[in-house]
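First, one chain by itself in structure tokens, the form predicted on its own.
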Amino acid sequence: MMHDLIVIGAGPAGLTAGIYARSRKMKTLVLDAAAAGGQLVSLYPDKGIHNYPGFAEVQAKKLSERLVAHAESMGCEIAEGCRVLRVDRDGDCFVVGCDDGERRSKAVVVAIGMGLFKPRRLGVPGEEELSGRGVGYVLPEKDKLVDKRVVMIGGGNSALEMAIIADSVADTVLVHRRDCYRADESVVESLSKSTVRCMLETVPLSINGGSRVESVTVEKGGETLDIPADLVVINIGNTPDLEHLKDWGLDLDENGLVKVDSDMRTSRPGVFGCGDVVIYKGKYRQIVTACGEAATAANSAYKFVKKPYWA
């Protein structure tokens, strides 16, 4: 089956690209290697989003559900669990090769975020041994945290927001190796109003336990301390898996991100990009930015495919 547009990635950028493409009545297919929603559902489903226009606060998975529902209401086809392996050219169309077969389209939008990313590890003793037995990289649902002792490790927005969520039902400690956070000021302010115990300039040394996590050993001010814990959540970033982009014939920067121009065009005619996977001068990684880029990418794809007189 031939589509006008195939969007690779069903996070906020990919779903928004699909919505805008369908507003132009383009036959649109959105593919995702995992589940629709992207990082909103895979990394922090219970996190509150505070900077998406129109919502003073919205839960990440709720925002994801709204985006998916909007795309489907516009007539987007969404295929989950479909990993794209290659993007080839066959005459006037693209052949998008997936692990479950091929799809064809007249244009492609790459919106894969950071790919099938992996959480960055601390690399301390006990982390690997106790993974899944009290060591995790995503905060469990709140009902699983009640009366637990939680140690959150990290200093960015996600780590602070997860600590605040955990603090509502659990005894929570936040550990960060720097003397200040890299999170937004509004998030830091919310943290200051919580009862989270914050330990800055504190370095994790080991995660301890037998059958399950029992404590975290840290170093602070030259002193070694043990923090009792039932759960350790490590949130110090993600390692992107973008190796396959090298085989898609796209011009990449030194970090493996896709270079685009102001119209979200890549180095391959007919292939456009948006979201965290693309790079240009002044890039600001936010959900709202990704959605704006997606609108531009979809409009550029429309002009490439339909060639309207005004383009």
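Source: prediction; values computed, not measured. Numbering starts at 1 and follows the sequence shown.
Separately, the form predicted together with a small molecule exists; it is not shown, and the next lines address it.
- Query: Does each of L139, A163 and D167 have at least one heavy atom within 4.5 Å of the small molecule in the predicted complex?
  - Reply: No residue of the spot touches the small molecule in the predicted complex.
Exercise. Please run the contact check for Q39 against the small molecule in the predicted complex: heavy atoms, 4.5 angstroms, yes or no?
Key: Yes.
Contact flag, M199 vs the small molecule in the predicted complex, heavy atom cut 4.5 Å
Contact with the small molecule, no.
At 4.5 Å between heavy atoms, is R285 in contact with the small molecule in the predicted complex?
Flag for R285 set to yes.
- Item | the small molecule contact in the predicted complex: A229, any heavy atom under 4.5 Å | A229: no, not in contact with the small molecule in the predicted complex.
Pick the stretch from 143 to 151, 173 to 181, 220 to 228, 78 to 86 whose residues have a heavy atom within 4.5 Å of the small molecule in the predicted complex. After filtering at 4.5 Å, what remains is 78 to 86.
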